[in-house]
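One chain is shown next in structure tokens, namely the form predicted on its own.
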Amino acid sequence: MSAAVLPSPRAAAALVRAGFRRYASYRAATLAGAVTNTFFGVVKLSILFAAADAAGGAVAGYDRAALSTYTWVAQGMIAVVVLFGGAELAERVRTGDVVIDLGRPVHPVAVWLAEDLGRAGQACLVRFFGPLAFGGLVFGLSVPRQPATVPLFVVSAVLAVVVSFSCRLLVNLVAFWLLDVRGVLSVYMVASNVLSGLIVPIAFFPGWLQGLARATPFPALVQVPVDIAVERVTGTDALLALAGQAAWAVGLLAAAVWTLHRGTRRLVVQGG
């Protein structure tokens, strides 16, 4: 692994396409996931509408249109950023199959990231746009008033995928020390779902919990892209939000690379 390098642009594009094709083959699972996310979106939005009506038409600055947009963007992003995690790499560490990844000339983190970007792109086609289209047709969405909103949201969504990838990679890399990461993964799943703003917007939290959430990378997964989509942050504030996401992405990727390096040294010590 010491000689591993970053992939060329052509190789990176091929890896992204490979990730896209891999997950595109799971057509039934993709459709089932979109239907499930849509169903729970209806349930969640009904509760949020009831709360807004009880509060006089808006709650925490969200009116009905903003709540609808928040709900369907958030539900669509569940599969894009993978809020429920997975332990595929941890299993490869446990069985020793990870040595195949480590023996390749390209840095494994770069390979895994490229493939994850391809997976996210495939998830957008059905599991993001499907629920979003349903929500727009049935409940309506807030229409962006500024032309920069859509491109800023796209950039924010890509950064959210990178932050999520880095978090999930770090959780899986714990397997170098624990071997069984199910407990760590469970804690991560609960924390990411609650503190990312998926269940309810972070603005609904009490002050102390808002502070705790914003001190973690989790709002970068859902809340920041949603805030940009509903134009709760615009102009300079939106750029600052993107800068915060980028900082988390770079920092967590660096932490994952360092953790992988330490883990491979442990494999050598163990005779792996």
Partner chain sequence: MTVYAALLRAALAGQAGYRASFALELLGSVLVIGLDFVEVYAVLTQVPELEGLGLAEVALVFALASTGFSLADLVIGQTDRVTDHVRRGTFDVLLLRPLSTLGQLAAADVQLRRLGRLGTALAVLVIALSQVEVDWTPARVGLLVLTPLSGAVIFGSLFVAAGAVSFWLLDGREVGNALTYGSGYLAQWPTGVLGPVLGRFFTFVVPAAFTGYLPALALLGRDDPTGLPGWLPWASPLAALAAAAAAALLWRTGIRHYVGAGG
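All figures in this text were calculated on a predicted structure; none of them were measured in a lab. Numbering follows the first chain given and starts at 1.
Same protein, other form: the form predicted together with its partner chain, not shown, and the subject of what follows.
For the chain shown alone, Ser46 is a contact residue for its partner chain in the predicted complex, at least one non-hydrogen atom being within 4.5 angstroms. In the predicted complex, its partner chain sits within 4.5 Å of a heavy atom of Ala203. Proximity of Val42 to its partner chain in the predicted complex falls within the 4.5 Å heavy atom cutoff.
In the predicted complex, its partner chain sits within 4.5 Å of a heavy atom belonging to Ala51. None of Val190, Val138, Val150, Val143 but one reaches within 4.5 angstroms of its partner chain in the predicted complex through a heavy atom, and that residue is Val190. Proximity to its partner chain in the predicted complex, defined as a heavy atom within 4.5 Å, holds among Ala60, Ala247, Leu239, Ala213 only for Ala60.
Stretch 175-183 is the answer when you ask which of 175-183, 130-138, 150-158, 117-125 has residues with heavy atoms within 4.5 Å of its partner chain in the predicted complex. Contact annotation for 26-41: residues with any non-hydrogen atom within 4.5 angstroms of its partner chain in the predicted complex are Ala28, Ala29, Ala32, Gly33, Thr36, Phe39, Phe40, listed in sequence order.
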